[in-house]
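Look below for two forms of one protein chain, each set out as structure tokens: first structure 1, then structure 2.
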Structure 1
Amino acid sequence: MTTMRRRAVPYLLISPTVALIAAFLVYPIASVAYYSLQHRNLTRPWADGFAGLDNFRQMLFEDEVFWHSLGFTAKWVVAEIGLQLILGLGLALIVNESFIGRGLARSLVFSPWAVSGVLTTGIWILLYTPSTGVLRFLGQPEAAVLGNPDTVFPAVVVTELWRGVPFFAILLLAGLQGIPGELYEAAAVDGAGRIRRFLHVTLPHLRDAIVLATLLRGVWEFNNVDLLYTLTGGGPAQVTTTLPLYVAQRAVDSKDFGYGSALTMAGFVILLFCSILYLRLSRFGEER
């Protein structure tokens, strides 16, 4: 009896988590699959019913916004992750050195991580708006950066970098702190300079941390809706609409749950496929 009770302890401990995940993550995913085969629009309840693959047909063959959003999503994720990796790694290396005021410097450079996407939008609107922004001090012409299809992409990328680099740096800093100091000593004794120590000690040890950070951030940037929803609303003329943003627009604005679910399924498949491919290609966790 006591052994049975003892065996049950870990299951009791994880039971609230399992229940919550089952009810609010697993079940909803199953229901998305179900809705995607239905016509279901809260604003037109009379037209609801079984749709078969109609939503998917419409998505693949008639919806230009869908295809365009895929292209922009790819461009957005690649640009964000590439730049966040470079800046985040640089930042992590800097704040990993010991210098006076390091704690304060870390708190300051990491602080945008704590700021929400909506607030980031609020702050950067103040910076970007022609009449009030800081760009006028840089001699920038008085043009609406966010309203112009040519400038909107760099503008949103920089905005998200401001908020995204800190967490990348935090993840990599955690990885850096796991590298034993002895390795650097040994490399220095062997006559390796700073750059060779970075290439042959730091980078190989950070490999898994980098793969994990790029993957996590990649998924997050793919899913990032708050910022784009409030900063550009996907505009001008849908040029900054990512797939999840398009889903959110369909769900929140037009209450088209059936079609939105079909888009969601497409998003799941793409995300799953890309993640597995990335983990395979990067050979994550393999002994070298």
Structure 2
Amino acid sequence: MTTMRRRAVPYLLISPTVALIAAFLVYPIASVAYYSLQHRNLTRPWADGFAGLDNFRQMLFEDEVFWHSLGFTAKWVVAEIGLQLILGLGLALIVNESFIGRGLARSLVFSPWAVSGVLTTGIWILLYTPSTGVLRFLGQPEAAVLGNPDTVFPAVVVTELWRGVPFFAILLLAGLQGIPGELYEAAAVDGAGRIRRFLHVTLPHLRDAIVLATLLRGVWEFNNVDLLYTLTGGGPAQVTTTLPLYVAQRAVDSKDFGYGSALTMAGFVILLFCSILYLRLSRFGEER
């Protein structure tokens, strides 16, 4: 009896955590999966009921906006993560050096990360507005970059870069500070220049930090709703509509919770598959 009690103690200790995970993770996923198999539209309550796979059939074979939003989401994530990684690594290398005012420089570099998405949108809308923004000083006072399909994508990318680059800089700076200085000294003694030291000392030691940062930001950028919703609303003409933003439009604006749930499950499966594949291919946490 004593042995059984000892074996039960670890399970009792972790039971509160398991209960919280079940309440805040498992239940919402199961709930969305259930509603994805239902017709649940507040504007058409008489048509509610079991739908089976009808929502998924409509999504895959009839909904052009779904495929467009999925394509734009992939474009958005690749552009943001690639640029944020390059710029964040550059900033991390700069503020990792010793110079006068380094503390102030770090504070200025990291400060945009503390700004909310809605406030970021407010700042950049003022910058992009023809009558109040910077474009009037560039000789283009009538340019409406957020209303032009040819310029809206670069405009929203720049806005999100301002907020996202500091995240990479913070994580990569922590990784840089963990690299022993003796490695650089030994490489310099062997005749390695700055570029070779960066390629053969810095990057290998930042591998896990880069994988973690890109994975986290990839998930966050995939699920980005607040900035795009308040900056463009998915427009003009659905040009900047991501899959999560399309979910918000169908579930929240159109009150079609059944179809919105099906879109959510599609996004969940895509994100889960890509995350697992990325971790496997990057060999995150493995020794080399």
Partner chain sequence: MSADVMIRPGTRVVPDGARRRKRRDPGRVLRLYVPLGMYLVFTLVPFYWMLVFALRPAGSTDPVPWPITFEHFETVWNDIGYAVFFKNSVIVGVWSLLVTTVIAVMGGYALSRYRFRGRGLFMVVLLCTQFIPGAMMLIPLFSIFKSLGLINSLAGLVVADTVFNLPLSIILMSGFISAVPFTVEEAAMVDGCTRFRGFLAIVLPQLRPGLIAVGSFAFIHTWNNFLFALMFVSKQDSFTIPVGLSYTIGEYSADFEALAAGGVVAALPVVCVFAVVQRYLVHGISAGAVKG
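Basically, rigid core = biggest C-alpha set you can superpose within 1.5 Å across the two forms. Quantities reported herein were computed from a predicted structural model and do not represent experimental measurements. Structure 1 provides the reference sequence; residues are numbered from 1 along it.
Form assignment for the chain places structure 2 as the one matching the criterion, namely the form predicted alone. Put the two forms on the same core and the Cα of L42 is off by 2 Å or more between structures 1 and 2. Once both forms are overlaid on the rigid core, the distance between the two CA positions of I21 between structures 1 and 2 is 2 angstroms or more. On rigid-core superposition between structures 1 and 2, the C-alpha of Y11 is found to move 6.7 angstrom.
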